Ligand SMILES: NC(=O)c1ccc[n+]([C@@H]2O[C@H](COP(=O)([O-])OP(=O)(O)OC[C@H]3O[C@@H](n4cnc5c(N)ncnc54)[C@H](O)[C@@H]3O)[C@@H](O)[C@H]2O)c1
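Coming up is one lone chain in structure tokens, specifically the form predicted alone.
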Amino acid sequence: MDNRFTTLNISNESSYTIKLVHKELSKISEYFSGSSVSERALVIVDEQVHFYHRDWIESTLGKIFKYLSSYIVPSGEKSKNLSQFSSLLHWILEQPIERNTPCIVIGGGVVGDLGGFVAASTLRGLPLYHIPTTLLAMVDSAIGGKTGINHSTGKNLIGSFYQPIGVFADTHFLSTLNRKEWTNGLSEILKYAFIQDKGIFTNLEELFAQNYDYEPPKWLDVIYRSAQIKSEIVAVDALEKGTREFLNFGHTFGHAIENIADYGTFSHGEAIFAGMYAAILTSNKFLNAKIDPNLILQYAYRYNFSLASIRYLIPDLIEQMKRDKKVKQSHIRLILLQDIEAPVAYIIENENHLSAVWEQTIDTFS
């Protein structure tokens, strides 16, 4: 299998390589060469990844570093909280670390966001390396430098932008993912198709038609293209002051679902899938777009969730949307579509107009 890499250049701020391989974790040693490399590395790893891949990870990193200190993070969105952040920070500060001690974060989006934020906060910034192990992390969360944790009032409200030194994705990790983790990643891949490259729809159709649903090597092209899109957008707008906002398509709706159900009732992918459907309805309603909702609903059979439990929480969902980071002058700000591959930021001046969108969305997924 050919290996892929793309380089993310963020103006004059930083530049790093995103590598994509299959069953070649040993190639991560290319990131750690030269006399300045630390003898010790900090490893922050998701508990499920540690369970399935511990020997492979430790044998690989053990050939690069003389000392490894590992912290295992409980799996799940609820680990992205102040308590876990505090525990992890205390653990790191108790280690014999120096400013060049690398922090290697291994896991999905939760561990990546949490570990990245801790790396950014320790000694004003430790060298950060991401080894994403989920489809979602490989195509989205490990790329671009967003780190952070959730708060009871909203998702990802505490955090910072902190770019890694490198991102190394080995699709072998995908071999132990459950179906829900695959759909988490699928939601983000669909996002890229909607906002920038409709050719991804064709790629997915081919994968599913040939029953390559859960065969990691077959997903190399789709993962690479998604990572490439994310890199291109972040390169010109690292701090989300412009076009990077387009990556939030469907997310304001989706984050409201996650928060109102107390993180864990719905997976991130389920919430974002429903959120993108709601964003399409809103695009058709407010922008007079002509986007066929079936373009996303054709993938609904791959998901297994119901929004019936939040049917009577529409006022709370709208209130949650008003707490989103993208709100401006107290108005909800959404990323909508004028057409496929034509995203735009749109301010909803009367949020009550979203009630009908929520009702239709909940009915569709009940």
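Please read all numbers here as calculations on a predicted model, not as lab measurements. Residue positions are given as counts along the sequence shown, with the first one as 1.
There is also a form predicted in complex with the ligand; it is not shown, and the following applies to it.
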_Contact test, all of 77, 177 and 230, partner the ligand in the predicted bound form, heavy atom 4.5 Å_ = yes
The listed residue (32, 305, 52, 65) that reaches within 4.5 Å of the ligand in the predicted bound form by any heavy atom is 52
None of 186, 88, 110, 119 but one has a heavy atom within 4.5 Å of the ligand in the predicted bound form; the exception is 110
* Asked: Does residue 181 reach the ligand in the predicted bound form, with heavy atoms at most 4.5 Å apart?
  -> yes
| the ligand contact at residue 277 in the predicted bound form, heavy atom, 4.5 Å | no
May I ask you to check whether residue 141 falls inside a 4.5 Å heavy atom distance of the ligand in the predicted bound form? yes
Problem set entry | Contact label in the predicted bound form: residue 173 to the ligand, heavy atom within 4.5 Å | yes
Given 305-313, 330-338, 57-65, 40-48, the stretch touching the ligand in the predicted bound form at heavy atoms within 4.5 Å is 40-48
Taking the ligand in the predicted bound form and a 4.5 Å non-hydrogen atom cutoff, the residues of 246-268 making contact are 268
